[in-house]
Every structure is written in structure tokens, then in C-alpha cells.
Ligand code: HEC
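Encoded as C-alpha cells, the following chain is the form predicted on its own, with no partner shown.
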């Protein structure tokens, strides 16, 4: 790290200390902490490969282990110092975690992505588990057959009315859970796996250095930046971030991070005065980071981040916008490092460099009226980002994401905050078949939209949900109404509602709209580290 970077670290020392993630030294290792704190309920097995009963027979993500520790404290009387708790969490997450391949497709829970509609959920999980939590919660842990059975017993002991809840009282819930579901879970999510064995043996990358970052914040827009990662103690880092938003305004901040299990990046960082969280996964070679960054107190207000480690070679990280139209001239922002003027966007697309910064280029792009439509790569000085740019002739349809969402009332002195929802518009052009809405469509990416709300149905219109349930701003951020009874509504009901979110994209004179359903409902009073 250069002297200038180190001076910036010292100047940000107060912010880093405030975040509280810097290492706290404990003389005891994880096993000793378990022996000193947990053996009133657990026991030593005498097996060095699985030394502790009910603990060594599970593998989980850092969030799930934190939830377990929290439960031991609140429900089982565990008393443990903050320093020892951090050491214990690191020990469990490192030695009894999940391999990167075992979290693929389920990371939306770890990344706190709101309003995910789960797909392809196994039937036995859908029938037995989804009444209370996500399918991903089952998929992000691994247990022995015996431990999966004990989990069933735990559920019934902890929640004795479980068999009488909706969806469970019409079936022999316990018999199915203990004799069928637990066995399927043990087969789908086993304690022992080749992926885990391989990952334990794999060399773990050191993430220190400078990184080229591309991301998005709903109320700020897209940004490019350089993230400087400086070692503090083993698997702990001090962070500096400096860059620009798409409108040219500056972005800067500092923080600290911990890496669990060789790839699970967790950071707290203050950017432009706002406390934020980063939940990323590092690639096996340590050259890429990807995940989500969001406000610490508002999960919905965040966006996905891609980062590539800086070396001497040119590196393209992202392109924005991700589409250009035939016969038009527009500006592109190419995020990366060591970029020069040797820009290749393919046949029929000419690029002219307008400005250059450490973390991005601004390029004026002119597309020939006869340029081939479809997705193409972006190349700068030999660094190629495949499928980064779409050439199109006409916007055919718009999808609003998420397609279905929930927001929750709050505030108004209720003691809990409102839970917002975030919307973005994704554009598509028709493919070679010329028909919109088919598998042949070409995805253009996120496009700026005008946002409006409508009642979802006649009942919502009759109940005047549009007036009371909340509002949406120009950035696609929906803010629900206040909590508590509303004397203006029928029977003084609360500010719940059923709304239609409409995003309209202007493509020249052509305006195309998409829509999704939004349910505004009561607050979620059961808050855990992982759902």
C-alpha cells in the first residue's frame, strides 16, 4: 500500500474503531471457549474429528452460527464475553462452514436481498417448512441424519402448537417430518460432502490490495470506485473506498471486514456518512468479490456489487448502461482499472473516449443503423467482458423487479421501522423471432423508469389503498404508511394495502410499461439474523 493510502487509513481511524469490527484478542481458542462455556449442556465425544455433541454434527454459514449463539444466550442462559463470542463465531464458521458451491443459488438470504420469490423448492420442504421460514434456511446448513431428526424434535418442543398451524393440522405432521422429511434433508444437505472436503484442503486467497468496484445504490445510482483492502490481523482487514457516482459526485468511506471460512466476506463500512453492510463471496482464486451492499438499518436500500482485484493488466468490471440503440449516439461508463483508449465494442459500434479516471472511462458511442442486434462483448486493451452490452432497435417489453413484493408498515411511534421496497425496470427487445415475451427476447438490462402506483384490484380501490398504503419516489423506492390504527379508514384498520407498481420506460416516443404486485402488511416482529 502506498504512503498516501496509509495516511488516509490513519485519518479514518475513528470511523474504523466506531464500526467495532477490528480484532479483539482472546487468549482462548474456539475449542477451549466451548469447553469453558458450553459443556453444561453439551458433552465431549472423545472423537477428535467431532469433539462436541450437537455442535460438531452441524455445518452452517456465519449468520446461522451467529443465530445459534444468540439462541443459546437468550433461551439457554449462555453467558459469554463479546471477545470470546467473536472468536467462537470465527472458529465455528471456519471449521464447520459450507463450501462455496454449497451456498450457490441460496445467497440471497445471506445478502439480505428482500422480496425474493423462491423457485424450485423441494416439495417436502415447501409442505413442512415454508410456513415459518425460507427454503434457503434449510439449504444453508448441513447436519448428520441424527441431527436432522433432532431438529424436528426441537421444533415440536419449542413450538408445541406447530402441528395445529395452517398447512400442518390436516396432515400427520410429526410422522411425515421425522420419518420422511428428515431423511430427505439428510440426503440433500449431508454433514459430509466431497465439496466440503475439497474446500478444507484448498489454499485460501489473501484479499489484500486494491479492487476495482462497480455497484448500485437505489437513492444514489450506479457508481465505480477503488476499494483498498489492507490487512489488520489474520482474516481481518481495514477498508478505504473512493470513487464516483454516475452523476459525477464523489463517493468515499472507510470500514473494516472479517473473512470467514476463506471466502465469506462480511464488512461494516461508512460511506458518505451512512453505515452500510457488505456481504460478499470471494472467488476461489481471490481475484473477484461479488455480493450485496446495503444500509445497515434498511436491508432494501442496497444493490449488487462486483469487484475485481487490480493488477498491472487492464481489467473491465462493468459497463453502464448495458444497452445501446441502433442509429443513436450515447455515453457509456466502463468501470475497471488500467484502461486505455483501445476500446472495441464490435462491428458497427464506434467508441470515442471522452474522459478517463482511475476507476472508469466515459465513452461516446455511435451505433450504425444497420449494426447487428444482440448481446456482445466489451473489450478494452485486451480485457474482455463477455455479454456486457446489448445492441437493440426497439424496446419490446419491460419487467418490473421484484415481480411480487411485501412492504411493512412501521414508525408512528410503534417502536419499529417501516420496511421499504425497491423496484427496478428491466428492458427487453424482441429476438430474431420478432415477438416479445418469448425465450428469444434479448435482455437489455436495467433502464430508467417513471414510477406510479395503482390499486391492484376492485377491493383495493374500494378500500382506498392507494391513499393510505404508501408512496413511491422517482428512484423506485416505496415507503409504506405508518403503523397502528387509522381512524380515517373503514373500521379504523391499519395502513395495509394491495397495490400495483408500474414502471414506464421511455424509448424515444415509444413508452413501454411493466408492473408488479405489492402487498403492504403488518410488521414482522420476529427478527432473526437469518430467516
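Here the structure is a predicted model, which is why all the values come from computation and not from measurement. Numbering follows the first chain given and starts at 1.
A second form of this protein, the form predicted in complex with heme C, is not displayed here; the remarks below concern that form.
Contact with heme C in the predicted bound form, defined as any heavy atom within 4.5 Å, is confined among 126-134, 348-356, 250-258, 194-202 to 126-134. Proximity to heme C in the predicted bound form, defined as a heavy atom within 4.5 Å, singles out one entry of 41, 50, 506, 474, which is 41.
This chain lacks the partner; the member of 483, 502, 466, 55 within 4.5 angstroms of heme C in the predicted bound form by a non-hydrogen atom is 55. The three residues 60, 88 and 181 all sit with a heavy atom within 4.5 Å of heme C in the predicted bound form. Among residues of the shown chain, residue 67 is one whose heavy atoms approach heme C to within 4.5 Å in the predicted bound form. The shortest heavy atom separation between residue 498 and heme C in the predicted bound form exceeds 4.5 Å. Contact annotation for residue 405: none of its heavy atoms lies within 4.5 Å of heme C in the predicted bound form. Residue contact check for residue 278: none of its heavy atoms lie within 4.5 Å of heme C in the predicted bound form.
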